[in-house]
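Only one chain comes next, encoded as structure tokens, the form predicted alone.
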Amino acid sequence: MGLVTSVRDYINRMLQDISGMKVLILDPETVSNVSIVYSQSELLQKEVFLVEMIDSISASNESMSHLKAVYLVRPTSENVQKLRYQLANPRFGEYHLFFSNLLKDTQIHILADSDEHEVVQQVQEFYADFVAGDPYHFTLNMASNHLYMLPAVVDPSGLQRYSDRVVDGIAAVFLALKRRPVIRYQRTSDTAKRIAQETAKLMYQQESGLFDFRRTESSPLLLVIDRRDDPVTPLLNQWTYQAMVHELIGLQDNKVDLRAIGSLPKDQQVEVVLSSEQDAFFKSNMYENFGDIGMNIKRMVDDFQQVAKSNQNIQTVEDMARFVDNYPEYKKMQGNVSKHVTLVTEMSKLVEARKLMLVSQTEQDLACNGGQGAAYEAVTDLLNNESVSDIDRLRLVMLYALRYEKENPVQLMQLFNKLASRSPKYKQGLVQFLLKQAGVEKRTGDLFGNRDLLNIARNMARGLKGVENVYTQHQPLLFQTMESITRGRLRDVDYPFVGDHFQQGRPQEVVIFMVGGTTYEESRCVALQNSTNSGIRFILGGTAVLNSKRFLMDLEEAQRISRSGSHMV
């Protein structure tokens, strides 16, 4: 069962067991959890006539006793306090309280004491404390995503809140899947270790009864890893549909805000949904490369023109009736065609304006092929190219530095100086800060395939065979990690187990959680791996879904806090 289905099942059960007119009350986090898997029209079918935020309910005194209030909120102390106030002055006829994670006993007592008017009909835990973007990819949408890069001493309480939120999210995923995993973590990451240990404590000690599900043949695996082990993937330009939309325009909770594109006519400046659950064209093309998408959209436009032509040929009453019956489907098809044509057109303009095909070729060479001298020349040429944007210059220097940080310090310094003169908007030392965070000394995996003899041989074979597409030749480090798990070769010394719960045989279900965030290139990697029927189902989760802009923003924020922290010490 995929994660989207799990969350939809929770919402279905929550809404269909309560008859009559309802208001659905959410908080800033659960609104994402619900909206990504459930459309407004589906809510209407379940007699939900109003969707409100918990804050706005507190701000109003208008009585609506004809409506039943259905709350789905996180079990935070702030939300419990808001509910306490709202139950003391009830505006609705009935209150049905659903929490997206574990409630503490003290919180239940507070709610019970607050229900003096006896309006609360039920209190339940429905474990939907994560955003399920795709069946095998979830995120926690954490705003303070940069905290994983900071040492614990810089902001101990901030890091504790960060860890608590991640543990809550992981716990909800396993409760939704009805599984208790064995847990492993990346040895070189303090944050991954802390989260793995706190998750184990929750599942095997504090709430061991709740997680005591029927034993399966082999225990599922939870592997907690750190984004800094592969800083290359979020720095690359993307050339497959879903990843490219997020990189060039932005994709938040499966929605694209076309208002950010100023050049569009007013009627097209809207928010559009890009969901594999609701859009058949997107589902079959989300992992396709940019060239193929153009051809497939042309086919879709041709099909639509055929339908439009047949609709113009109305001569009899039967034709008219058929047209009216098919009209909703026709309008939906028209909207879909318009959406995809707009997205691809805008991305084509950006590719041309920023010379991304030229930039991307060098990026892929830096990520996948050797040859330091040629790489230095290529990066220098692009830094001097007026058409290359500041962010692309920065990413090129970062990729070069990650690849060749030990090889020629003089040339690396020359690139730092050139970047500083060409793109002065970037803080001094940002590339150096990246190397401090995710340089060769800090990484566990064989990121560039040049440490391990097997990887060197594999890369040589790939080079001899040639690649299908120069722009998509890069494979995230996650691919190697999944391959190691599938073959039973994930080294205990690099990825130790927590406690005395070890893996018996090969796991059939694996959740890989990436502290610091995932990318759509990696979620594509997981979907393709799952389609090979290896006997293992992988699920990928993270603290955020990154594009290069967000990754660099987190890096800048961590650098800023580190600098101010070091002055204070």
Partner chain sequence: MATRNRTTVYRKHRDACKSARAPLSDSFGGPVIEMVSGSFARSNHSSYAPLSTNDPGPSSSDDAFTIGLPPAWVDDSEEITFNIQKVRDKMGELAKAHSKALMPTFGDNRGDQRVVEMLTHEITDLLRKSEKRLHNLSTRGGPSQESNLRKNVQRSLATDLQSLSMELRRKQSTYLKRLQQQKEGQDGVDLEFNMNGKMSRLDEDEELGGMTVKLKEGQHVSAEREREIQQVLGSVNDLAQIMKDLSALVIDQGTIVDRIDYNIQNVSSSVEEGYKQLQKAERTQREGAMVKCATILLILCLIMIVLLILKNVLF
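Computed from a prediction, not measured in an experiment: that's the story for all the values here. Residue numbers count along the first chain shown, from 1.
The same protein has a further form, the form predicted together with its partner chain, not shown here; the description that follows concerns it.
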Is there a heavy atom of residue 13 no more than 4.5 Å from a heavy atom of its partner chain in the predicted complex?
yes
Whether residue 91 contacts its partner chain in the predicted complex should be assessed with a 4.5 Å heavy atom distance threshold; does it?
yes
Hey, in the predicted complex, is residue 479 touching its partner chain, heavy atoms inside 4.5 Å?
no
How about residue 112: is it within 4.5 Å of its partner chain in the predicted complex, going by heavy atoms?
yes
Which of 83-91, 391-399, 405-413, 365-373 lies within 4.5 Å of its partner chain in the predicted complex, heavy atoms considered? The stretch 83-91
Looking at 245, 167, 123, 154, which is the one with a non-hydrogen atom within 4.5 Å of its partner chain in the predicted complex?
123
Select from the listed residues 427, 201, 178, 187 the one whose heavy atoms reach within 4.5 Å of its partner chain in the predicted complex.
178
Any chance 52, 63 and 108 all have a heavy atom within 4.5 Å of its partner chain in the predicted complex?
yes
Which residues, if any, of 210-225 lie within 4.5 Å of its partner chain in the predicted complex when only heavy atoms count?
210, 213
